[in-house]
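Only one chain is shown below, in structure tokens, and it's the form predicted alone.
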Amino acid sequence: MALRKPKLAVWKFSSCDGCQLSLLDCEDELLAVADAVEIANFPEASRAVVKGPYDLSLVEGSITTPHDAERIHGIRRTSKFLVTIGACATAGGIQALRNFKDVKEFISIVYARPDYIETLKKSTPITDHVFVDFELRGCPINKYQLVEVLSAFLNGRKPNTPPHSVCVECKQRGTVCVMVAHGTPCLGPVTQVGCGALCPAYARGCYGCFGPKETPNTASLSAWWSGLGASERDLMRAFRGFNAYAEPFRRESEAHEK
């Protein structure tokens, strides 16, 4: 008798679908994944839907509407393991910029019929609403890290994703520090690794796409930026990017808000 394949489900909330596309972009690796699991629910890949419960659910996107807040609880109940993927699901995403203002003001300006819009005051990560077994960061996520997470959960072990800063990757690829050598402001020292230190490799500062690393010293980095001529507004805006509502970045941005 053939063993039952684990059921994999992929869910979307408020997001751009980029992290789901990272899974499709795995190409050869995806073939191995597809052979090891039953893809039970993945709208980006197939219209076929298999009922739960699911062994592993990947969730992309943040919670921004009352319907989202109800739906995520249903997904949690039907999932043995739930992993959030991407900045939206782990930190509220770029749409969390609304959290620092009155969202009703935006709605009145953007929409011709604001009364049609039903939304929450804030864009929040999945972990604010349900228990999450693992968070995979990035905007978008690193496809190789995603394959590692899938392999780990399917084989009953802890995922092995690096928690250190982008600076380590710069050293590994022999990239000269843009802050030290050129005086270019860079979020690399406080940002989790995962992008391959892409921006510094092209003489640009890191934008913090993978969110805060373990125990980031954001205040020290801000002091360094100030020495490079960055204003309080520059510092506030720097920490309000793709991971604006991640706790260390949120606190640092608010420290420089006037």
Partner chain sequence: MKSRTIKVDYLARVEGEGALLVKIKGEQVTDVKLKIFEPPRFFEAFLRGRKFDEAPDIAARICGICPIAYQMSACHAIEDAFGIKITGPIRDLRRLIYCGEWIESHALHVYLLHAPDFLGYEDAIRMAKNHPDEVKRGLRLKKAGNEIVRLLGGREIHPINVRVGGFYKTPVKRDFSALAEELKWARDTALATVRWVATFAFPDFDRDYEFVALRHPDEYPFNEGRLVSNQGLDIAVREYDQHFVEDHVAHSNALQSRLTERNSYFVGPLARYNLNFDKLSPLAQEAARSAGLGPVCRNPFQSIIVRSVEMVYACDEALRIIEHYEMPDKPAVNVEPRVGTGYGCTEAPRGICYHRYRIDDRGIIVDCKIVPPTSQNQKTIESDLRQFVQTNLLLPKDKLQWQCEQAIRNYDPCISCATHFLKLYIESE
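Positions refer to the first chain, counted from 1. Treat the numbers as computed from the prediction; the structure is a model and nothing was measured.
Here the subject shifts to the form predicted together with the partner chain, a form of this protein not shown in this document.
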Contact segment among 185-193, 64-72, 221-229, 51-59, judged by heavy atoms lying within 4.5 Å of the partner chain in the predicted bound form: 64-72
Heavy atom of F249 within 4.5 Å of the partner chain in the predicted bound form: no
Distance check, S165 to the partner chain in the predicted bound form, heavy atom within 4.5 Å: no
Touches the partner chain in the predicted bound form: P140 (any heavy atom, 4.5 Å): yes
Close approach of I94 to the partner chain in the predicted bound form, 4.5 Å, heavy atom: yes
Those residues of 154-180 which, in the predicted bound form, come within 4.5 Å of the partner chain by heavy atom: none
